[in-house]
Structures are given as C-alpha cells and as structure tokens.
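Let's start with one chain on its own, the form predicted on its own, as structure tokens.
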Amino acid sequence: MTSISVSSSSAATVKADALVIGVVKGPKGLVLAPGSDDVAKAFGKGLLPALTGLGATGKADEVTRVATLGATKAAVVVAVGLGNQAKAYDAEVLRRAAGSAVRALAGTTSVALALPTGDAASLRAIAEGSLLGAYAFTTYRTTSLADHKAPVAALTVITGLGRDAKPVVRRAEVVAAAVKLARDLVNTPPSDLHPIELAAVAADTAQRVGLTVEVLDEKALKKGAFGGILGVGQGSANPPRLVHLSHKGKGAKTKVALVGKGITFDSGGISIKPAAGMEDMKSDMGGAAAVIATMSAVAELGLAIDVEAWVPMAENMPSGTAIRPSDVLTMRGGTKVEVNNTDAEGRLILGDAIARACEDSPDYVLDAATLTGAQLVALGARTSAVMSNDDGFREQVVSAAGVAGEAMWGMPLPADLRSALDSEVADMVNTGPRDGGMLTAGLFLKEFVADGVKWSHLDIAGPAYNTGAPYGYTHTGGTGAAVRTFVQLLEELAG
C-alpha cells in the first residue's frame, strides 16, 4: 500500500522525485493554482512560459511535465489541470486531478502534491485521489510484470492546516485501503474467487479489523430456508455461501444493515448470456466487494453505529442441476418466486439476504448490486442509480455520494410497474418487461423489505467495473464503487 504523509514545508524544498502543482484556465490564458507560489518563485519567471510551451491549457485532469533543472528539490514538476479558474475548487475536481497526476507518475518512487488545500474537504479530496490513483493489480503478471510501472510508493501532501491535517489524511488512508480491497476482489479471476474463497476473504478481513463473522454453508442455507441463494447456486460445482459481518459501535444509537450481491461469476445460467463481454461478469460480485470493504473501514474508523452486513454469494452456471425458467423458488420468509429468467439471479440472492437482514429490525437497510443492464442504458457507465422506499432516505444517499465523490442519481419506484411482476402460478416472477427493467428490479427487492424499515438500493452495474481507458483516479477494471458513499453515509447516520 502506498504511504502518505503531510508536510508544511515549502513546495520548492520538499524532498520528492516529482512535485505536483495545479494549473487553471484564466481569462487571459494559463494560470497557476494556489499552492504553487513557492514553485513559481523558484523558477523565476520561467514556469508559466515553459508549461505553455509544452501545451498545457489547464483543462481538467490534463497532465504536463517539466524538468526543474535544479530549481526545486524535485527533479520534475507535474502540472495538472483543474479546469476554469475559480475562488475555490470543487472537491471532486481536486480528487480527480490528484489521481490523474499520481496515476501518470507510475514508476516514480516519491511524489509531493502542492494543490489547493485551503480546508479539510480539499485536503481529504487530494489525499483520497492521490491514494486511489496509486493502484495497480499485478497479482497475475509474471513475464509481463517488468513492462508495467509500479504505483507511486510514497506521497506527501503539502498543506498549511497543521495538526488538523493528520486525522483527515488518516481517514483517507482507511477509505482508500477499503476501495483497494474492493478493486482487488473484483479484478480477481473467477477461477480463484468462488463463493468459498470470497467468504474466506470476508472472514480474514473480519478477523484483521475485529469484526464478528459468521459463514453459512449450503447446509445452513437449507436449514435457514434461503431458497433464492440455494436456487441460484445449485447449477454450480462450487456451493453458495452467506456471510454475516457485524460491527457494534461504542455508544451506537442507530442500526444499519448492508447487503451486497456476490455472484462470483454470472454466465446467465440456463438463460445464458451472449459470449461477447461475458468475461466482464467476474465483476458481478462488485456489491459484495463493496460491502466487505466498507465493513473493514467501519471497524478501522471505529464508527459509533451498529452495522450488520449480509453478503450472499453464489456462482450462476448452466448445468443439469441448474434452475430452469418456470421453476419456483421459496424465498426466506416464504415468498414463492417463479423464475422466468435465470439471468436475473442477483435479485434472488439479494431478496433472501434483505429478508434476513430485516429480521434484526434495523433502522436502515442499504444494498449494492451490479444488478441490471438497464442501469447502463438509463445512466451510463459512471453514474449509479439509487432507489428507495423513502424519498428522504434516497436523497440522503445521493447527497452522501456527492460528498464522497461518487456520481449517483435518484430514481423512482413507480407503483404501476409492480403488476409486471405478478405470476400466474406463484407470488411473483423475477423479471418484468424490458421497459423500466432497472425499476422493476428495485420493486422486486422492495417486496423483501420489512414494514417500517427505510431501505435504499444502489444499482452499480456500470460504475463497478470500468471497461474503458483509465481516467482521474479510476483505473481499468474494478473501481470499488459504493465504498466511499457507504462510509460517508454511515458516518452521517452515526451522527
């Protein structure tokens, strides 16, 4: 893990291999952002002309390098664009800028950042962005490892906030480590991450940070009448699991349940998916990864809130024992679901887990899932959807996401769509028509939420896995989506 520290030293004299400063688009051209004054003085009047000559424009996340030729302790100054000049810069702009710069500096041992840190929110964003940018998944590289530059090993954030800076950076370290855990899990090949192995990671994580853990195997699942989890998992040679993680916060007055979809690989089952893109379905446990990682952060931060996590895990495979379209499953709590599409398996395992979570009478239930392709159609690959049985709670989740720097958008659960889930032979079918598919998936889950419990569902299908080029602090592959939002929200609910 990349180390991070803070310094009040002059940016021009701080010891590092590379120094990051901000540049912006001013009314008359390129302008240096706050934090770079000492660097500009060290260059005399040559820094701006040099950057302009190299093509720097101040465009957000644009990275331009210039050799210092001894003007500063660092051998290289890296100017990262912050967009248009402003009196203050949005935290997410700073977070992405720091991530872009550090990601571009892979192969460099030490980097100092002299970006605008006028308040704790700015410092937090820069610390998080730089740590998130310093990431690589190289577990499976051998002969090609030398061709890939290692992430920056040591970061120093230059700030004038003094003692107030340390707890801010400490929080950033914990959150970034949790995001890294989620990314690593999503990036791990499904051949090495069946439900048994994912449950083992959850248990190991719990032991490391002091969480209570319980793992329900297939026998315990049968005894507990978890028909959704067992049904989805019965087509695989690798049996399903349900992991229960528990954090008891000191002085807690609020109880929250987290639920995360853990389909370690989704072939679609009998309703098999097209071959194109199926390799990305190792990411279908992104919700489970987010919940496991969030629980590690909750424990390390010692949040004064009770959090119970229920993480259902299964592998959705076609075989002679797999569930078929028209099969009926009896879910936890007794609801009977006619399966009309085995590729809508995530809601089946989530329904069981949500029902179980509600049995402990939490104040709030939150679930995260790579649930529907319809989420991508509606909101694209970078914006998650938030649905809820309580308008105020939905907006609270969206607000927390904004503070955390994750794009989320509130979506409705129209009552008129519920009839699309009616079955001719059972209580429900598991999918409705294509139109409004994301919303009917949410309505399906809502059926398993107990009366009086506030619930929000995060569909992170697109944001959990970046199939395109890296950007900002986001790398190709697993992103760790929802972790930062969950931590921010739990902090707020803890009061």
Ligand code: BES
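The shown structure was predicted, so the numbers you read here are calculated from the model rather than taken from an experiment. Residue numbers run from 1 along the displayed sequence.
FYI, the form predicted in complex with the ligand isn't displayed, but the following is about it.
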property	result
Contact stretch among 372 to 380, 250 to 258, 134 to 142, 229 to 237 - heavy atom within 4.5 Å of the ligand in the model of the complex	372 to 380
Contact label in the model of the complex: Lys273 to the ligand, heavy atom within 4.5 Å	yes
Distance check, Ala74 to the ligand in the model of the complex, heavy atom within 4.5 Å	no
Close approach of Asp363 to the ligand in the model of the complex, 4.5 Å, heavy atom	no
4.5 angstroms heavy atom contact with the ligand in the model of the complex for Glu406	no
Selected contact from Glu128, Asp284, Glu315, Asp352, since only one has a non-hydrogen atom within 4.5 angstroms of the ligand in the model of the complex	Asp284
Listed residue (Asn341, Asn389, Asn84, Thr205) with a non-hydrogen atom within 4.5 angstroms of the ligand in the model of the complex	Asn341
Those residues of 436 to 467 which, in the model of the complex, come within 4.5 Å of the ligand by heavy atom	Ala461
